[in-house]
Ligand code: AMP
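Form predicted on its own, single chain, as structure tokens, below.
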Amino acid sequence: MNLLRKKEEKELSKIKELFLEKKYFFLSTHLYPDGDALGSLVGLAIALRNQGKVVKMGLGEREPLPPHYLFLPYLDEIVYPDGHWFKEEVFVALDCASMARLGGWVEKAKKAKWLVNIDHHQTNERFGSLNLIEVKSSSTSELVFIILKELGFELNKEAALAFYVGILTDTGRFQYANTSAKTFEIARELIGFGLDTFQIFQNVYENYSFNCLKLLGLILKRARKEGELIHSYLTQRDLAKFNVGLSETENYIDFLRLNRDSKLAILFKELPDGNWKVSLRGKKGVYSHLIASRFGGGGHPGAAGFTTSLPRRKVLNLIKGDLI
């Protein structure tokens, strides 16, 4: 696999062996899953089941999924850490930069016979017994697709749909710097399964309720520009007022990054416990993942995030100091 570094080849070989030989799998991804998290989760589950494997999918917290991904198949089969468990031989963590982001599955993951960590984030903590981390991949969905192709596993239209959504969203509709020629080749192959790319686009990017648009308007009205930084916020009170779920606000940060005079966009979203979920989008020369890592988070140079109990103003001042 030409996308993998030499040191990953041994890990890849063992992971392929597990996918071929083991029967029971438990797959999970990070809290507040995005398109790549859900795409790689569903796509791998389908591919393994097509090989006769017994597979469960789980998320570490019972939160509503983003409505613009609900067209993906089998999401209703996802289980949560409230008693659902059987003795899977292999626990696979997908698109998850740290074990903590598995939420309620952390202890189960630690006890698994094999903990396989497949990801493309530069900040991955390599917490698995096997770690396949390839930062050159546009997405975890792209990486999983390549593994399955090497194994000769047959895909179907449903798996192709899941992987395509993961790649589409993590590349920002094939616009971000992580998009490579290989990414386009894989997208072409996935579309060949008969995917309706226009319908997928509408489901993911043109699927806001009227109240979601009004809340977005409030966020843009609150936006402030300080030097090369643009930022805004939303609170639990805002979500309640507009009857919008936190999971519906995933793409709001991308509207802030549209400002041509800013190198870093920040959106603060208040969580039910009063902490802030902070999304970062950096342009060339600003490394979002390094900023996020200062607060215990992670991600990519162009897109990263973290959760903090610090006041918004203090976080902004610390980040402004990093930009100077």
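Computed from a prediction, not measured in an experiment: that's the story for all the values here. Just count from 1 along the sequence shown to find any residue number.
This protein has a second form, the form predicted in complex with this ligand, left out of what is shown; the following refers to that one.
Scanning Ala97, Val165, Leu143, Ala159 against this ligand in the model of the complex with a 4.5 Å heavy atom cut-off leaves one residue, Ala97. From the list 256-264, 275-283, 45-53, 62-70, the contact stretch for this ligand in the model of the complex under a 4.5 Å heavy atom rule is 275-283. In the model of the complex, no heavy atom of Val315 sits within 4.5 Å of this ligand. Using a 4.5 angstroms threshold between heavy atoms, Gly298 counts as touching this ligand in the model of the complex. Interface residue remark: Phe306 is counted as part of the site for this ligand in the model of the complex, having a heavy atom within 4.5 Å. Interface membership of His231, defined by any non-hydrogen atom within 4.5 Å of this ligand in the model of the complex, is ruled out.
In the model of the complex, this ligand lies within 4.5 angstroms of a heavy atom of only one residue of 111-125, namely His121.
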